[in-house]
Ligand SMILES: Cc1cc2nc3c(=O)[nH]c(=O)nc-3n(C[C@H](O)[C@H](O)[C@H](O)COP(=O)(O)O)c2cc1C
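Just one chain follows, in the form predicted on its own, and it is written as structure tokens.
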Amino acid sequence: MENIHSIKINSLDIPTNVFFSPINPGYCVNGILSKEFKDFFIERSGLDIGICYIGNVSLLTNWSSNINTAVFSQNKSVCWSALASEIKKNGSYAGIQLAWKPEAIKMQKEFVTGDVLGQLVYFRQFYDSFDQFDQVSTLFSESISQAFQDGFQVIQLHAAHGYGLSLLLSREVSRCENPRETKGARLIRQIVDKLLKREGILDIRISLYEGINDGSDEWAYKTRLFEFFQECGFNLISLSNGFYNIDKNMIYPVKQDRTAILKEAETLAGTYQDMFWNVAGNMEFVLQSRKAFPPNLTFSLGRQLLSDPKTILKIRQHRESEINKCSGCNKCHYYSYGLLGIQKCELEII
């Protein structure tokens, strides 16, 4: 039984339901794309990867998560168009994740905070003072429209991991029991209402569990939030976990956590069958199991495609023994280690 197959989302025929996760590899200077940056994504397109996402692209320089982040507004359309074209030429759909890290929020380098309550106070101060709805919504909507014009067929809004949208949507940060009443919901409405033209796939990434509390009360809140996203016209909801300033291990689960949030993703895909869902977190092990899943559930791989870009191809060809497995060397976590970009993997010996 094969669980890797083609899918159709909003009239787009996507070759497989397995995607390259939105990853920020670094390598940029002043937000400008380098050859190394472009080659990184071109190398991980095609090869039975349905969508290749350019990860964590900041809308403005002062909204970047770190100094080596790509900035959408710093690069000309011809540059983005060329990269999208190369990805499509290889056989994947070109995706781009647009992100907003507010200037007021500083991303910590430590993997786990020693002060969750202190971080929560910090987040709430940002939430309570935020009033830049028109500026932020205009930049998002204009960038989404421009990205579609530049040849990207899939646009993902980064609303996970403690970035601006995720903080404004969070129950713990907003103290709102109804997600539709949050400042984040108001901002999302403004973004989608301002879009000049809807085409391709509109995707949004959200942290199912944020790590601020034990997560026991997040499920009901998030399902109501997902219904809101569906009403706003999103075609795909991408599930992740964690906030950077709380616990990065939730964002990047270790090998033992192979099926983190997989059961939740299956439940959502089965319940909301007219919406497509994506789940990440060591999904290569799940794909190798060849277990059947709902047809509207898709999968993302990150670190494993750093160590072996041909992983999906090898799984489909039953060549699992040839896969260069992720060794867990953590050289992809360049920001936490004070480096300028993702380092070469130390491959696991098999």
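Each residue number is its position in the shown sequence, starting from 1. Computed from a predicted structure; not experimentally measured.
If you look for the form predicted in complex with this ligand, you will not find it shown, but the lines that follow are about it.
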Heavy atom distance at most 4.5 Å to this ligand in the predicted bound form, all of G55, R205 and I342: yes
Candidate from P309, G46, G31, G302 lying within 4.5 Å of this ligand in the predicted bound form - any heavy atom: G302
Selected contact from A265, L83, A280, L165, since only one has a non-hydrogen atom within 4.5 angstroms of this ligand in the predicted bound form: A280
Region of this chain that lies against this ligand in the predicted bound form, out of 83-91, 140-148, 244-252, 127-135 [heavy atom, 4.5 Å]: 244-252
Exercise: S174 in contact with this ligand in the predicted bound form, heavy atom 4.5 Å: no
Residue contact check: I14 to this ligand in the predicted bound form, 4.5 Å heavy atom: no
Contact flag, S240 vs this ligand in the predicted bound form, heavy atom cut 4.5 Å: yes
H161: touches this ligand in the predicted bound form, heavy atom cutoff 4.5 angstroms: yes
This ligand in the predicted bound form - contacting residues of 75-96, heavy atom within 4.5 Å: none
